[in-house]
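There is one chain below, alone, in structure tokens, taken in the form predicted alone.
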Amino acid sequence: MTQSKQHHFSTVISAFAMAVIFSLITGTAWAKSEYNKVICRVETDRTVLPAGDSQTTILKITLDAPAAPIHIKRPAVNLSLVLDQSGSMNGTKIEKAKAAAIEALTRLGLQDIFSVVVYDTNVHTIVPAQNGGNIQHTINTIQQIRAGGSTALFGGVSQGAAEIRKNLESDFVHRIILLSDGLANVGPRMPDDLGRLGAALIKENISVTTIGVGTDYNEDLMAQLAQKSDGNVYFVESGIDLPRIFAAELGDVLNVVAKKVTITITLPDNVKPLNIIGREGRIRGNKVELYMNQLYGNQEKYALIEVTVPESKPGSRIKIARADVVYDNPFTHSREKSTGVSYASFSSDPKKVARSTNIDVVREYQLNLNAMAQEKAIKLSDKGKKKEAVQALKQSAARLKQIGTLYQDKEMLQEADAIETRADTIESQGMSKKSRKILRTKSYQMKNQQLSQ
């Protein structure tokens, strides 16, 4: 090796060593940006479609969220707990709610903001938005909560949002956790009222998670509020389960890896969008637009879209869709982008078409159709059409069982058995408050890909 080459080699090695040392000191690495990147995948229910006439196919746009990096501080949380302290909460429920609130507080750090709002006939902020500096005083305040009065639920959520807004301009994960065990009977009280409130809050990047306790709260109202604000939904029969549910929800809130997620799916001129399955979104010509407030580490979120593809010849191949995902990376404080593209080929060989089936897409599509069948059953039952409600559930169970058997898919078969059992119970006993809440909650959790608790 010549002297100049040796010098150049030595320079490169020195630069490499310095970069490694720098990455160790700062906790960064070259792979960090990729490690933290949300992966976007676009798939169809079959990669090979039947040649011939125009047809419908299912698109699945999947966002694979990475694990939160261990060498960088997690995003700070701006959390407001909105707790029902009406008379019906008296006893175990209020005591477990207080214990859950205290447990949530102790898991937060000094960088986090915490507030507590309680509501009965009136609304009270008992812990104004603050960091965890004086934790014992906050615990003492929470322990003094007593149950009594009516249920001003809308006012409670509005006041929780007011506490969140005190730090809205800062780079926090904003979340309201609402707990209620009864019907809203003070102020706005209809599901649409709360849905509009949720839709307004998501524009401020505030999500509302709802926790319904017992069988007397309005699950339609709670689901609307959560759905419109991209929060989670929980149903617990007993206050005993509240600490576990709060822990599960806080696990999500403290594990956010992407914020302000926008998804734009662009279809070629000869591919037409028909319907968005399960999620809120907009179809604008050949574009489909979706929004998610947050993604959690090591979790998967997806959207399903029905599209029509044009008449095609055997052996041809076309582009089906391109998805562009833009989001805030809370660790690098930058706006990042991920892209996925899907193609499909065409064949006149039925066996080749069948072999190309993507069981993951088929499964999620069928389970979402099942969630929609559950909602249909609720509406039918509400109109006094018990027989038709049972029929809707049994038809969905039969479809799941047929397709689950075809592909030997345990998840579809298990859900088919569960929904069939619920249908039999409703057929013999009617749609009880508990059955209705289970159907509504499970439907929402399926469509929102909320991990069941």
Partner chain sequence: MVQGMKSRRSIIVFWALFLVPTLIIALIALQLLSHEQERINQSAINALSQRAKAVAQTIHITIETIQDNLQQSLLDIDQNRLETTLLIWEETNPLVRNIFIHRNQKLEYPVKGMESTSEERRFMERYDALFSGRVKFDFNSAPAKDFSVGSENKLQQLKKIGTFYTETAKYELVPKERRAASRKQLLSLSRVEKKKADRPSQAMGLNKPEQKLINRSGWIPWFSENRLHLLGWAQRQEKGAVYGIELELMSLLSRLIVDLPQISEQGTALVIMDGNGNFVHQSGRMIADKGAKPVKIISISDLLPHWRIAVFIDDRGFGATKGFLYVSMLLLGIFIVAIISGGVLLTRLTLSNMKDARQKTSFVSSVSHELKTPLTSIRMYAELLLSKRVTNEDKIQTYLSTIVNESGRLTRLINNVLDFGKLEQGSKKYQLENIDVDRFLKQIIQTHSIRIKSQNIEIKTLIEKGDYTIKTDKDALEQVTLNLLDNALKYAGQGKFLLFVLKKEIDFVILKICDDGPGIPKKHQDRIFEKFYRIDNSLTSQQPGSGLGLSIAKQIMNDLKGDLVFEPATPNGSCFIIRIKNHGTD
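Only a predicted model underlies this, so the values are computations on that prediction, with no experimental measurement involved. Positions refer to the first chain, counted from 1.
What comes next is about the form predicted in complex with its partner chain, which does not appear here.
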{"property": "Position in contact with its partner chain when the complex is considered in the predicted complex, options A323, V186, V233, I378, heavy atoms within 4.5 Å", "result": "V186"}
{"property": "Residue (of Q227, N368, N218, S158) lying close to its partner chain in the predicted complex, criterion heavy atoms within 4.5 Å", "result": "S158"}
{"property": "Option from 352 to 360, 199 to 207, 329 to 337, 234 to 242 whose residues, in the predicted complex, bring a heavy atom within 4.5 Å of its partner chain", "result": "199 to 207"}
{"property": "Contact at T121, D193 and G281 by its partner chain in the predicted complex, all three, heavy atom at most 4.5 Å", "result": "yes"}
{"property": "4.5 Å heavy atom contact, F154 and its partner chain in the predicted complex", "result": "yes"}
{"property": "L110, heavy atom within 4.5 angstroms of its partner chain in the predicted complex", "result": "no"}
{"property": "Partner proximity in the predicted complex: G285 to its partner chain, non-hydrogen atom cutoff 4.5 Å", "result": "yes"}
{"property": "Its partner chain contact at G182 in the predicted complex, heavy atom, 4.5 Å", "result": "no"}
{"property": "In the predicted complex: members of 362 to 396 within 4.5 Å of its partner chain, any heavy atom", "result": "none"}
